[in-house]
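One protein chain, two forms: both are listed below as structure tokens, the first as structure 1 and the second as structure 2.
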Structure 1
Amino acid sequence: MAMHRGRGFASINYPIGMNLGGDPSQALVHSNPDGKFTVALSSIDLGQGMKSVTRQIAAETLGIPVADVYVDTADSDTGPHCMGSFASRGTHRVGNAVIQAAQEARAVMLEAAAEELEVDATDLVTDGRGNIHVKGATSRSITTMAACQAAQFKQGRTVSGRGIFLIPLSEVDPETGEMTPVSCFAHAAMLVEVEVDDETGEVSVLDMQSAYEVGRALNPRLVEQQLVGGAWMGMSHALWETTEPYYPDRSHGPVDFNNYLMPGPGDLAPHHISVLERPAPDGPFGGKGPGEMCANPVLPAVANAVYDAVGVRIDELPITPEKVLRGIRANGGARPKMRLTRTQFAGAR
């Protein structure tokens, strides 16, 4: 009886968003009497950081401090429509909608400022600290608050903007089956090292090395937080979590934590992450969305590592000790993949 080490690799292309109905999201932006801005969304922040990222995007586009933006996701009944927070679509779809809305609002804000300063709106710039001034003449300036207040109380304009992001629905070509369901892909690659006990069938993940390509990491700490948590969840799905019985059994459904195995803080593996940034041409400031992709490469990588360690190919998740043991038995014992030494490898070629 022995412990066997194995390594597994997996890489993925991950589509951002989906094709259903063009996958639209809307955003509305408006200024308030105190010169601060509200971004109204129906996109929900589940903790992934949707509010933070859309707030940054709105502030950057409007040209005002982040502190001057409030993102309101309170109510999907009264807010502008959004398909939802899933499919790793939030940053990309909602972010683009926010940019469009914020650009429109910014244009009105600059017109209002231009009227107050008696200049042309096209000559105005924002300094990102709450001021609007004439290009090259910082002394001819007005605060964004004063401009918004003038719009509201003197000029009778709403400093507001509407935004939507929609990728026209792609139909399947009946002849070839071809379609273009997605415009933007994120990517990941992962190398996992496992140890398999051929007596108990237990698999432990010893180490994870990954590279995630996320477009532009608009908020690097939030990206890291998602990658760490999401990859752990991937490991958890690879080895522990499932509802029993599984779909399509009709009693498939949520159960309690007594029957749903979830690893705890004792079941972690060191995870070394590299974030690669290749800004997406159609992403908000180049952003894609880490989202579900955090978890995805871990599952095939673990399955490959188990195969490498004991020669058992498991294609149904999770990879439980029982499945591993049955596989080892069916093979007549653990069959770690033969590793060629460097010279053998060269000879074999």
Structure 2
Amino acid sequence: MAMHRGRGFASINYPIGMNLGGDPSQALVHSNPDGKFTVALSSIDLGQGMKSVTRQIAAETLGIPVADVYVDTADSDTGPHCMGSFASRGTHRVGNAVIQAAQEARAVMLEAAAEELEVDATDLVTDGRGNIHVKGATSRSITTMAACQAAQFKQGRTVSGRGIFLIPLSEVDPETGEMTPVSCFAHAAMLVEVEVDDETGEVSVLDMQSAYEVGRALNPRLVEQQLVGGAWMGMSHALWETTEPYYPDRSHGPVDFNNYLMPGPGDLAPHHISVLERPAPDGPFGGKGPGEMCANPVLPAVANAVYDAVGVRIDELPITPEKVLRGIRANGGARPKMRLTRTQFAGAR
């Protein structure tokens, strides 16, 4: 028996959203009687942080504290239209719609404040702490709460806004049918180190190192947590999760997560992440969001690492011990790929 170590690399370009049908999302923003704001969406938070990031986007656009914004993801029958929470589109599509809606609501709020302060609305600015004041004269101010209440109870204004983000339809080549199905891409690269037991076929992930380009990380901690969780999900898809050979027949197969094979806490590998920020020109405050890209590069990187370790190329997931052992036996034994040392690599050049 021998343990073999290998490293595998993978890089991806991941599309954000779609271009088919314009891929629209809508948002509504309105002030409540207490001067706080509600953002209404039909874009569901699946755990990816949709509420958190749209709350930040709305607060930044309105010029008010994040604590003064509430995001309501109602059901799709009563909320503004959204194509859905898929295709890693949430931050980009919904975030842009929230900006439009918040800009319209902000304009009404400033008009109400201007009437109370007897100045022109273009002379007013917000400080992000719940105040509106005249440019260069901070003593002449009104709170955002007072402005919104004056609008609703004195001036008869509705402090609200509507927003929609729509991708212009791509031109289609009349001869080839070629078109652009997406609007922008995010990018990632990952290096995985594994250890393979040539007697049992078991694969252990020892370390993961990755670099992700996500536009601008609007909430760095959320981005990092999503990348870590997504990588663990990708590792689980690569090495554990399957319903074969029983699907769709459930007899003798897992019926709940007590029987479904997944990695446990002891199987999770250290993950070293580098987030590269390159603000997207069409993204909300430059953001694109990581989305499903979190898990994607792990699968080919693990497969490449197994090949590097024992010379077995597996192209069907998951990479189970049985598949590894069959490959080793078919090859007449483990055949690790020869890796040049730094000195040897320099000489080869």
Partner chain sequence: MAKKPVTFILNGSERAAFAEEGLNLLEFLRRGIGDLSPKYGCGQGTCGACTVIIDGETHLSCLTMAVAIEGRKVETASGLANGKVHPLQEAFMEHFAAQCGYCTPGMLMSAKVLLDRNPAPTRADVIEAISGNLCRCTGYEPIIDAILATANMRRLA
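Predicted model, so just to flag it, every value in this text is computed and none were measured. Throughout, rigid core stands for the largest set of C-alpha atoms superposing within 1.5 Å between the two forms. For residue numbers, the reference is structure 1: its sequence is counted from 1.
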{"property": "Pair member that is the form predicted alone", "result": "2"}
{"property": "S76 C-alpha shift between structures 1 and 2 of 2 Å or more, rigid core reference", "result": "yes"}
{"property": "Core fit, then P174 C-alpha moves 2 Å or more between structures 1 and 2", "result": "yes"}
